[in-house]
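Next up is one chain by itself, shown in structure tokens, the form predicted alone.
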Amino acid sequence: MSTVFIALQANEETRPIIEAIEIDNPHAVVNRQPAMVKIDAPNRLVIRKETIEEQIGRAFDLQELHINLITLGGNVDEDDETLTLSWAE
């Protein structure tokens, strides 16, 4: 089993995004640090636009993630609705 991850700056903009990631990925482990939040998941992590929009209460373009993105690990598969991190099996 391989771990994928995403790390985002810890700020008010990312709080609802992190909550949305937690909702869609109950298997993920969230590690909150003073300046960043790193989310690790075994094999796969899915970030859904719809869930983020529900948390922030407005339209959201997944490209907005890049504003607060520090780093990520895994193969990226992205379209207008989801961003998926995974490792090929």
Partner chain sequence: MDMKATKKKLGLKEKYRVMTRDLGWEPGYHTKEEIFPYATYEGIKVHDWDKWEDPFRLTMDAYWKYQAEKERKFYAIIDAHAQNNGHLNITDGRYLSALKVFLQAISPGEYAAHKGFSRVGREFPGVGTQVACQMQAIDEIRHAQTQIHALSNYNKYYNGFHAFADARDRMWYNTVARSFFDDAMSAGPFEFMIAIGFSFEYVLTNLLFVPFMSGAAYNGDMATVTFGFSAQSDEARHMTLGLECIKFMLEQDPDNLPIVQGWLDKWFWRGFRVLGLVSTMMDYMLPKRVMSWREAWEIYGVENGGALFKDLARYGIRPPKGWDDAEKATDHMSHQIMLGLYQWSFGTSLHSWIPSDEDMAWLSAKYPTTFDKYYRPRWEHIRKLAAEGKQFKNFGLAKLCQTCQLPIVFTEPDDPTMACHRETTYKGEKYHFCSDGCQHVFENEPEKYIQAWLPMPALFAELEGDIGKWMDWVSLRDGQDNGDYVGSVDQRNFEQWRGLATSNS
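Fair warning: this is a prediction, and the values are worked out from it, not measured in the lab. Numbering follows the first chain given and starts at 1.
Omitted here: the form predicted in complex with the partner chain. The next part is about that form.
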Find out whether any non-hydrogen atom of residue 61 is located within 4.5 angstroms of the partner chain in the model of the complex, and reply yes or no.
yes
May I ask you to check whether residue 29 falls inside a 4.5 Å heavy atom distance of the partner chain in the model of the complex?
no
Although the partner chain is absent from this view, report whether residue 56 comes within 4.5 Å of it in the model of the complex, heavy atoms only.
no
Does the 4.5 Å heavy atom contact test between residue 74 and the partner chain in the model of the complex come out positive?
yes
For the stretch 2-32, I need every residue with any heavy atom inside 4.5 Å of the partner chain in the model of the complex, listed N to C.
2, 3, 5, 9, 11, 13
